[in-house]
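Only one chain comes next, encoded as structure tokens, the form predicted on its own.
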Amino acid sequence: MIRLDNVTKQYTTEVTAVRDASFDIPKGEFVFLVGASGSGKSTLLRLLNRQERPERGSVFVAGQDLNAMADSKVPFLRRNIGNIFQDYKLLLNKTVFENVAFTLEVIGRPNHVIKQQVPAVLELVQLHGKEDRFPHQLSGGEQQRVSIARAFVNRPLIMLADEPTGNLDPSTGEGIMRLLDRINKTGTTVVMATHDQRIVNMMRRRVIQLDRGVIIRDQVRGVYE
């Protein structure tokens, strides 16, 4: 599903965000990327989404070589990748329903599909009955659930999550992790960057740890040491 072969990403001659990174993530796996701020976690996610391109090495996602991919093909790649962010990135002037529907509208799904899929995914994330609320009327945890619904409504092959519990209290964060676990069990591959040691140790999934751009540990059912 995802493969990196000796990938190096430099922002300047003095700043190497990722250095000689290699790993394979099979379909349906749940993987944590951990490490201190600036260790390269977010850069790895951007490489997987073709927001960044490496100076050296190869990045393969869903069987496609991202280095060789034409720019015109990138939007099609991203239809198979859902993204979740720490700060939610919701459209403040749109309701919960409209925020989630927007993903489907952008890729040209017909109205009858939108009317069927949006309520179903809002039910999954436990927001049934809040379709007409605006983001400012929701708690932080509810806003993150809208973000997850928006990322998942197109049933992507891969979900990339960058610190999705970073702005949430521990109890709310645990609820978000249960939701991501449920989504992972539908077959979606989840790659999550996090600082949250407690969440990683609670979930006991594969852990890839970075230190100044270098992978120093890749452990199945790992903990954040």
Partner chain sequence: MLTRITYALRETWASFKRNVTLSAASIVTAAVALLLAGSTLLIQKAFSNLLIQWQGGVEMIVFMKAGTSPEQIASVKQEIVDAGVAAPDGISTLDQQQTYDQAKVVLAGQTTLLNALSPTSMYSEIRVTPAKGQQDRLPDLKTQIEIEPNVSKVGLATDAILVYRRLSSFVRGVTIVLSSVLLMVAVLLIWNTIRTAMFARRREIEVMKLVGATNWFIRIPFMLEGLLQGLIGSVVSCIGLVAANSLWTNNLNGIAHDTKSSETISLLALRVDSGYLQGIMVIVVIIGMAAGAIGAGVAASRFLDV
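Numbering follows the first chain given and starts at 1. Predicted model only: the values in this text are computed from it and were never measured.
What comes next is about the form predicted together with the partner chain, which does not appear here.
Trainee: Checking a candidate spot here: are Q144, G166 and R178 all in contact with the partner chain in the model of the complex (at least one heavy atom each within 4.5 Å)?
Mentor: Checking in the model of the complex: none of Q144, G166 and R178 is within 4.5 Å of the partner chain.
Trainee: So in the model of the complex, does any heavy atom of K89 sit within 4.5 Å of the partner chain?
Mentor: Judged by the heavy-atom cut-off of 4.5 Å, K89 is in contact with the partner chain in the model of the complex.
Trainee: Would G129 show up as a contact with the partner chain in the model of the complex if we use heavy atoms at 4.5 Å?
Mentor: No, G129 sits far enough from the partner chain in the model of the complex that none of its heavy atoms falls within 4.5 Å.
Trainee: Flag F85 as yes or no: does it have a non-hydrogen atom within 4.5 angstroms of any non-hydrogen atom of the partner chain in the model of the complex?
Mentor: Within the cut-off, so yes.
Trainee: Any chance Q117 has a heavy atom within 4.5 Å of the partner chain in the model of the complex?
Mentor: So Q117 does not count as contacting the partner chain.
Trainee: Residues in which of 182-190, 167-175, 26-34, 45-53 have heavy atoms within 4.5 Å of the partner chain in the model of the complex?
Mentor: In short, 45-53.
Trainee: Taking only heavy atoms into account, state which residues of 134-166 are within 4.5 Å of the partner chain in the model of the complex, ordered by sequence.
Mentor: Only a single residue, R150, comes within 4.5 Å of the partner.
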